[in-house]
Ligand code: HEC
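The chain below stands alone and is given in structure tokens; this is the form predicted on its own.
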Amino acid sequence: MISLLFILACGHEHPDVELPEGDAMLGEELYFTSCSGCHSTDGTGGSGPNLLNQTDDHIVDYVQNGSGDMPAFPELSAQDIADIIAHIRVLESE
């Protein structure tokens, strides 16, 4: 958890992101409300880039800090982000 807090505080990617264990079912709902509008329901992209096969640290950095046209989502907790990533991993396996 310390690595994640460092990333969130500094706003930089770090190769050793430590997230709590994510719940893909909770992540599906969060993904639908926060991500699917730009990244599509299957994660392959739309007006936003493809999220499949991105690293955890990349996703954490962009969710917390935004980039380009993507806004930051500072209201999402570390658990929320872990849940979203767990859902993205399910999408990758489909």
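Numbering starts at 1 and follows the sequence shown. As the structure is a computational prediction, the values presented were derived from the model and not from experiment.
Note that the form predicted together with ligand HEC isn't included here; everything after this is about it.
The shortest heavy atom separation between residue 54 and ligand HEC in the predicted complex is within 4.5 Å. Residue 38 belongs to the set of residues with a heavy atom inside 4.5 Å of ligand HEC in the predicted complex. Ligand HEC is not shown here, but in the predicted complex it comes within 4.5 Å of a heavy atom of residue 84. Taking the partner from the other structure, ligand HEC in the predicted complex has a heavy atom within 4.5 Å of a heavy atom of residue 34. In the predicted complex, ligand HEC lies within 4.5 angstroms of at least one heavy atom of each of the following residues of 33-64: 34, 35, 38, 39, 47, 48, 49, 50, 51, 54, 58, 59, 62, 63, in sequence order.
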